[in-house]
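Here we start with a single chain on its own, the form predicted alone, put down as structure tokens.
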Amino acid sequence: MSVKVGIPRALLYYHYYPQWYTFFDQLQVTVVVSPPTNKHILEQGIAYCLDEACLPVKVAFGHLAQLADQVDFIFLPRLVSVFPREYICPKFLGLPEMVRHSGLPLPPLLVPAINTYRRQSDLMAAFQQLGNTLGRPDGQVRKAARLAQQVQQEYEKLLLAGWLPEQASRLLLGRQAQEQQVRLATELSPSSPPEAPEQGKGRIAIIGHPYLVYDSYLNMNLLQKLTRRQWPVAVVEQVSSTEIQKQTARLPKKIFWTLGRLLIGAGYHFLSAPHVAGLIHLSSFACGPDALIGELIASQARNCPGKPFMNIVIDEHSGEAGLLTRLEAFLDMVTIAGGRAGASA
């Protein structure tokens, strides 16, 4: 019987799932993903996690609980750095220790240290550690790691072309499962995403971490609420790394949090993008980096009076009625500002 490894549908799952799935699949390991967030998962997370933790970390505990009796191992990497000379939020770094001391009964954790602060090539060492823990030979691990990184590159191309994470994963991994090999992004027709922008209509940009933007339970179906009102959305993953670098170079000091840098770069880009009619910054209560990031974007937005900006902070007590009221008022402002024409710059 194949070894089963659980991956929680939380935190950086939306960033790296295709890469992680491919690696385990190549090692003949069965991957089990926790279900989408719901009320029960959130309540379990709150029960086991520290009160001081941010909402996404609490939810991650709930997803871990879902996997507890279904798998042989749980994949919980120690994320230190995913980009040279930058760091990930400290809560990601210490998450394995938080989980081990939470009292949550879990199978053994797989905790490879992912730290590419000095060089990107150090990622291979993390894969090697993980593969060796599972008892796989070095050659098989290296081959799986190379393929996993290739899949990740194709995944990011699909996101850049406009596919949302779940759509891109299904497209990429579905083909992989059928053909047992990776197709280039150009073969997947990424130039035809299902929600291609309509000519002459403005978009609403959602600036936020993927574990908030793509978790429809946590954000109370924000993306669906916008699309049902005929407002197409733009997200951080659709901004190129070159544009992110160009926009953040305007800051007097480098942002050393990778996720924060992406948000600021995308936010500044959307503020000057003609096809974006308004911006929503989605953050969670008790997120230290976002308290600064959100203020930097809001400060820049105040210099763009024709482009409404709204900051939404959510926690476990947030209610849908309050979100709807604010969203309707925000969309009225966008319409008054001429956003329907999609021509404000």
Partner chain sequence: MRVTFPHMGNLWISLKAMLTYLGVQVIVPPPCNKQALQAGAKWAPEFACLPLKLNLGNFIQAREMGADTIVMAGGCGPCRFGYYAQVEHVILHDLGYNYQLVVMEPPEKHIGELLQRIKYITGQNSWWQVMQGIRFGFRKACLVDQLEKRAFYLRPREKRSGSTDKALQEALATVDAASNWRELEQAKHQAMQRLDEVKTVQRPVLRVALIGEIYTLLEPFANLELEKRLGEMGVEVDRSIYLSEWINDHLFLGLVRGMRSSKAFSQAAAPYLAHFVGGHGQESVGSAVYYARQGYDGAIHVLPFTCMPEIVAMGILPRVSQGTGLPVMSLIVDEHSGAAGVQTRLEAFVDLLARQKRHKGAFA
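Note that the coordinates shown come from a computational prediction; the quantities given were computed from them, not determined experimentally. Numbering follows the first chain given and starts at 1.
One more form of this protein exists, namely the form predicted in complex with the partner chain; it is left out here, but the text below deals with it.
TODO: Look up in the predicted bound form whether F83 has a non-hydrogen atom within 4.5 angstroms of the partner chain, and give yes or no.
DONE: No - in the predicted bound form, heavy atoms of F83 and the partner chain never come within 4.5 Å of each other.
- [ ] Although the partner chain is absent from this view, report whether P90 comes within 4.5 Å of it in the predicted bound form, heavy atoms only.
- [x] Residue-level check for P90: yes, a contact with the partner chain.
TODO: Could you confirm whether L160 comes within 4.5 Å of the partner chain in the predicted bound form, counting heavy atoms only?
DONE: Output for L160 is no: heavy atoms all beyond 4.5 Å of the partner chain.
- [ ] Flag E97 as yes or no: does it have a non-hydrogen atom within 4.5 angstroms of any non-hydrogen atom of the partner chain in the predicted bound form?
- [x] Because a heavy atom of E97 falls inside 4.5 Å of the partner chain in the predicted bound form, the answer is yes.
Open item on the list: Each of E52, K254 and W257 having a non-hydrogen atom within 4.5 Å of the partner chain in the predicted bound form: is that the case here?
Closed with: Checking in the predicted bound form: E52, K254 and W257 are all within 4.5 Å of the partner chain.
TODO: Considering the partner chain in the predicted bound form, find the one stretch among 64-72, 272-280, 26-34, 291-299 with heavy atoms no farther than 4.5 Å from it.
DONE: This holds for exactly one stretch, 291-299.
TODO: With the partner chain left out of view, choose which of R78, R136, R261, K225 has a non-hydrogen atom within 4.5 angstroms of it in the predicted bound form.
DONE: Checked against the cut-off, the match is R78.
Open item on the list: Can you pick out, from L42, C304, M310, V313, the residue that has a heavy atom within 4.5 Å of the partner chain in the predicted bound form?
Closed with: Only one listed residue qualifies here, and that residue is V313.
Open item on the list: With the partner chain taken in the predicted bound form, which residues across 115-134 come within 4.5 angstroms through any non-hydrogen atom?
Closed with: Counting only heavy atoms within 4.5 Å of the partner chain in the predicted bound form, the single contacting residue of 115-134 is Y117.
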